[in-house]
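Below, in C-alpha cells: the form predicted alone, a single chain.
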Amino acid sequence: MIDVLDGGISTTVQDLGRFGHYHIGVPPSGAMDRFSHEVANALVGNEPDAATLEMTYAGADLRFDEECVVALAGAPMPARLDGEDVPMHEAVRVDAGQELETEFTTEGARTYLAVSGGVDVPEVMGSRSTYTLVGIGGHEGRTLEAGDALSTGENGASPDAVVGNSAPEAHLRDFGKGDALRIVVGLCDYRLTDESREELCDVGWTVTPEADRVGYRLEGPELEFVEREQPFGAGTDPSNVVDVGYPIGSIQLPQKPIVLMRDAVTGGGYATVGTVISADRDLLAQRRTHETVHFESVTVEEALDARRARREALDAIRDALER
C-alpha cells in the first residue's frame, strides 16, 4: 500500500489509455507523455501498460508500507527517499516505511513515477487511467489528495532483478531543446487564407496558462479565414464548420490554436487545420506555460517514420535493461 502524504498540484493515475470508445465521446486519456511513462515502467520491470503516477509541475509525497522498487522518468524532478537523493531514470529500492518527497520540475512539465507491480486501481472501460472531467478511472476519478491510499500489483519484479537499472541517456528525449513540433496539415486547413496557412508554421506560439490534459491553448497572431457563405449546419463564426471528429493532437482554431490532448472532446464545429504527430505529442506535453512552440509541416510518411523511430528508441531502452 502507498499512503499519499501530499498529492502535489495535479497527480493522477495513468496507463496507456482506454480505446474503442471515441465514437461515444470517451477520449483515450492515459499518460500525456507516453514515452516517459513507458521508460519508468521498463526501469522497474513492469509491462508498458502498467499504471504509473503522472505528476504535473510538482510531485506527490508518498509513504510506502511495503518493500518495492520505484523509478522516476520524464521531466527532471528533485526527489528524496528518507532524505537521500533519488536519481532520475534509475530503479531504486524502497523499504517498508520509507517516505518519498518530491519538488517542482526543473524543466518540462510532467514526471512519471512507476512502482514495481504497477498502481493497482480498478479498470474502467478497459483502462486504469483517470479522466477527471467525468470522474472515472484512476483513484476515485480524481487527482490524488493527502490521505489517499493506493494498492500496488502483486506481480512486481524481484527487487534484486531491477534495482540499479538505468535508462541509457542516448535514447532519452531532451525536453529543453525546444525543437519544432511536427504536424500534418489538413482536414479543414482550406478554411485559412494562404497567408495564414503559411503563418501557422512560420511564427512562434506561446503556451498559455490554459494548457492542461484537455488541450494546449496557444497565443500568437490572429489567423485569417477565407470568406464563405455559411454552410447549412455550421455556426456563424468564420472558424465554424459542419461538425467533425477531432483526432487527438488536432489543432483546433477558435481564432487562436488549441492542440487537443488526451482528455479532449471528441468532436465539434471548430475548424481543425492540422494534427501534431503522435511522436511529438509527448514533447508538447512537456512544454511549460509561457514557453514557445513552433510547428513544422511534415508528410504522413514522415510522421509514420517518426513514430517508428520513437518505438525503436523505447525498444532499445528495454533491450538494454534486459541484458
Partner chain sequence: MSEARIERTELPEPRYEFGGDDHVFVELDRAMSFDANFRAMAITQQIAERDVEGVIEICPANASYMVRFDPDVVHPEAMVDELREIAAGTDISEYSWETRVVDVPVLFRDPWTHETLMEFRDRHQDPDATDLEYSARINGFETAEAFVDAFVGSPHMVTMVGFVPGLPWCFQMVPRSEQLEVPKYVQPRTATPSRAVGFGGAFSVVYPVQGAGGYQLYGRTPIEVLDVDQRLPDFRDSMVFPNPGDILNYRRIDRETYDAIREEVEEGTYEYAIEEVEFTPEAFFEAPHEYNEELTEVLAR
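What you see is a predicted model, and the numbers here were worked out from it, not measured in a lab. Residue numbers count along the first chain shown, from 1.
Beyond the structure shown, there is the form predicted in complex with its partner chain, which is absent from this document and is the topic of what follows.
Enquirer: Counting only heavy atoms and a 4.5 Å cutoff, which of 95-103, 183-191, 75-83, 199-207 contacts its partner chain in the model of the complex?
Expert: Contact criterion met by 183-191 only.
Enquirer: Please identify the residue among Pro221, Gly245, Pro238, Gly178 with any heavy atom within 4.5 Å of its partner chain in the model of the complex.
Expert: For this set of options, the contacting one is Gly245.
Enquirer: Using a 4.5 Å cut on heavy atoms, which of Gly147, Pro87, Gly233, Pro122 is close to its partner chain in the model of the complex?
Expert: Answer to the contact question: Gly233.
Enquirer: With the partner left out here, check for me: in the model of the complex, does some heavy atom of Val300 sit within 4.5 Å of its partner chain?
Expert: Heavy-atom contact with its partner chain at 4.5 Å: present for Val300.
Enquirer: Can you tell me if Ala170 lies within 4.5 angstroms of its partner chain in the model of the complex, counting non-hydrogen atoms only?
Expert: No, Ala170 stays farther than 4.5 Å from its partner chain in the model of the complex.
Enquirer: Evaluate Leu314 for contact with its partner chain in the model of the complex, applying a 4.5 angstroms cut-off between non-hydrogen atoms, and reply yes or no.
Expert: No, Leu314 stays farther than 4.5 Å from its partner chain in the model of the complex.
Enquirer: Determine whether any heavy atom of Arg287 comes within 4.5 Å of a heavy atom of its partner chain in the model of the complex, and answer yes or no.
Expert: No.
Enquirer: Along 4-19, which positions have a non-hydrogen atom within 4.5 Å of its partner chain in the model of the complex?
Expert: Read in sequence order, the residues that approach its partner chain (within 4.5 Å, in the model of the complex) are Arg18, Phe19.
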